[in-house]
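Only one chain is given next, in structure tokens, and it is the form predicted alone.
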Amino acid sequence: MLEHYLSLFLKSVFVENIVLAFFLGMCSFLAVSKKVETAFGLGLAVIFVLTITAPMNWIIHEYLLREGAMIWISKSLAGMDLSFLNFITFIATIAAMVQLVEMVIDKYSPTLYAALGIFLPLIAVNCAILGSSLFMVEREYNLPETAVFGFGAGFGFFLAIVSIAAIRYKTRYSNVPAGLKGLGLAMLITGLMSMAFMLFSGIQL
């Protein structure tokens, strides 16, 4: 059992990295990775939001939205299927958690709050966050698997954005062709990092 959860964690961090394998959340990934400090702060915020919202959305889906979920309320509701509300419900849950993170960062680290700017509230509509909840439904994870997957996906985002921020910082001192400076080089680095992370696909626990 422990091997299963460890395998799921490593898979969500490396092999199925939410950014480098599925390319979800690329807007904030590329925009905030110019500085290591801001990338670190956003990465921690994403870990927190994903770790909390993935299990919360699983509970909401399992006991309220999926077909037959509300049988625990009344047998007459056994045939009700509210899964069409998954998108709006998941986004509402994510937005509530992001609001909490935003208030905490604003209170305890105003500098980081100012540095993250518009990209902090944009976590609420970050497709990486929503994608994790949708993957959880599609893959039919149970609650512990969802919690591990949510944390792993968040940690994978953190690892990816801090890594590319460190690399982009180093390239400031490199002789980069004018046509590749900025976003062009960042996209090339993202592709190389994606291939490097995929090397972990050969690990079997």
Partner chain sequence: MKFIENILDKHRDRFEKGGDLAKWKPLFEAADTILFWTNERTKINPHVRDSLDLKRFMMMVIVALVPSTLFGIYNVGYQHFYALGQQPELWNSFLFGLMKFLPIAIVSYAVGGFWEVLFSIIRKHEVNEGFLVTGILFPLILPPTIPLWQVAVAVSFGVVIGKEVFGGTGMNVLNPALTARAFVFFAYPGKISGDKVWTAIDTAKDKVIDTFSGATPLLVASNTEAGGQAVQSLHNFQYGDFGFINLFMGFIPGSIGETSALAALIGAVILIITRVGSWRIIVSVFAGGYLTAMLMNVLAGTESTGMFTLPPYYHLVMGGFAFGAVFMATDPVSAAQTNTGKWFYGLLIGALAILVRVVNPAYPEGMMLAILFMNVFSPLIDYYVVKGNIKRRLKRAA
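Numbering follows the first chain given and starts at 1. The structure displayed is predicted, hence computed values, not measured ones.
Same protein, other form: the form predicted together with the partner chain, not shown, and the subject of what follows.
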Quiz item: Thinking of the partner chain in the model of the complex, which stretch from 134 to 142, 154 to 162, 47 to 55, 64 to 72 has heavy atoms inside 4.5 Å of it?
Solution: 154 to 162
Quiz item: Should Ala147 be classed as touching the partner chain in the model of the complex when contacts are defined as heavy atoms within 4.5 Å?
Solution: no
Quiz item: Is Ala21 close to the partner chain in the model of the complex, meaning a heavy atom pair under 4.5 Å apart or at it?
Solution: no
Quiz item: Is there a heavy atom of Leu199 no more than 4.5 Å from a heavy atom of the partner chain in the model of the complex?
Solution: yes
Exercise. Find out whether any non-hydrogen atom of Val36 is located within 4.5 angstroms of the partner chain in the model of the complex, and reply yes or no.
Key: yes
Exercise. May I ask you to list the residues of 7 to 26 that have any heavy atom within 4.5 angstroms of the partner chain in the model of the complex, in sequence order?
Key: Phe14
